[in-house]
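Have a look below at one chain only, the form predicted alone, in structure tokens format.
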């Protein structure tokens, strides 16, 4: 059974949007084909979370025009605080659906690195974007939300690192959501070619003015042979915003994909984070922290699937729930037949700070090969009274002791983020949400 979409945009509107942007024929065709499929495809079915009444499709406008920033100094303090203004040479800022600022160092340009907004990249590098856009990590016809994403994508970034190029400094993107009418169908595509390495860090930043909106985020990471991609993200979208976020990666032989994700949205959220370890000796590591509050409902599925021999996959998820918030944490380590010597490890832990808060941690191991190692751990409970007792016995108040325990509990992801401003943002959001 499928749910009819009844979008506020139709085929003519999608076609007009594509023509206005001067998109290549392949992208226009992909949009229209995806829109036609959306009505017949079902919604995803996240375990233990009913989303059929969530708003993924109704919005005031598909795109809005926003002012751009002429310089770093022209940006509001909420953005500048995320950026090392003196040293950051590789930065993209998107304001709602408008590419508002872009800078890339001359050194990286000379090495062939491409970093720009996605829709411009589709025009300037059509063959390269077409090769990877929703062809490997995420497919258009998986379900209704991936089809809608392909049809309505209206923002995002493209990052390509050529063979043998190692980028030392992080590449940064900031997606600002400050218009009540704005919706985000944001697509981020990161391709690291053979023997390359890059760290990409993004922040989704919403203002209090945005009360209701629809956000549909898809990120694809392609790590070719012996490449390394570190992907950091802090999602901080407003209450009332219904968010679908799908971040996936495929790792080739001897390659690594490492995720550090701070999921701090205040609205209802479903999240998929999947890493496919295709090549031998490939490596995947996912670290995620979540804080839920109010009445929000969230569902997080993290999956690392092993096809390559000697592949290693690690999942670490820590969540804090307060008020009447509820979250489902599904961790899946899957070892396919033939992935000998693979290692799949995972840990999911949830702290509940109030009587009505709910957390559910579900570790799952699916093993189709004998010569492997695998393990999991999961726990759901209150703040450890022994930890509180130890801190309070040294003169620390109960409130401050709880705060210290929570920050320590979430530290594995906070410390992983490589940009100080983004790390500070995550710490500040955690502090505000758990008070």
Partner chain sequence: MASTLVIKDLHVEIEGKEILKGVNLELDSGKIHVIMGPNGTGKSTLASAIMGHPKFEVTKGEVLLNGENVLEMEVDERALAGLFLAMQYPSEITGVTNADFLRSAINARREEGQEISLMKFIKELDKNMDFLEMDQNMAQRYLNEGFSGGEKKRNEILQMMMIKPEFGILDEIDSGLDIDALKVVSKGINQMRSEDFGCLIITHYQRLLNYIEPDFVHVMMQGRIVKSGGFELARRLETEGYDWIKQELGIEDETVGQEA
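Residue numbers count along the first chain shown, from 1. None of the values given here were measured: they were computed from a predicted structure.
There is also a form predicted together with its partner chain; it is not shown, and the following applies to it.
Using 4.5 Å between non-hydrogen atoms, is residue 13 touching its partner chain in the predicted bound form?
Judged by the heavy-atom cut-off of 4.5 Å, residue 13 is well away from its partner chain in the predicted bound form.
Look up in the predicted bound form whether residue 409 has a non-hydrogen atom within 4.5 angstroms of its partner chain, and give yes or no.
Answer yes; at least one heavy atom of residue 409 falls within 4.5 Å of its partner chain in the predicted bound form.
Residue 19, heavy atom within 4.5 angstroms of its partner chain in the predicted bound form:
Contact check for residue 19: no, nothing within 4.5 Å of its partner chain in the predicted bound form.
May I ask you to check whether residue 68 falls inside a 4.5 Å heavy atom distance of its partner chain in the predicted bound form?
The answer is no: residue 68 has no heavy atom within 4.5 Å of its partner chain.
Exactly one residue in 378, 60, 32, 392 has a non-hydrogen atom within 4.5 Å of its partner chain in the predicted bound form; which is it?
Checked against the cut-off, the match is 392.
Which of these residues, 400, 47, 368, 40, gets a heavy atom within 4.5 Å of its partner chain in the predicted bound form?
Checked against the cut-off, the match is 400.
Taking 4.5 angstroms as the heavy atom distance cut-off, pick the stretch from 23-31, 369-377, 48-56, 382-390 that is near its partner chain in the predicted bound form.
The contacting stretch is 382-390.
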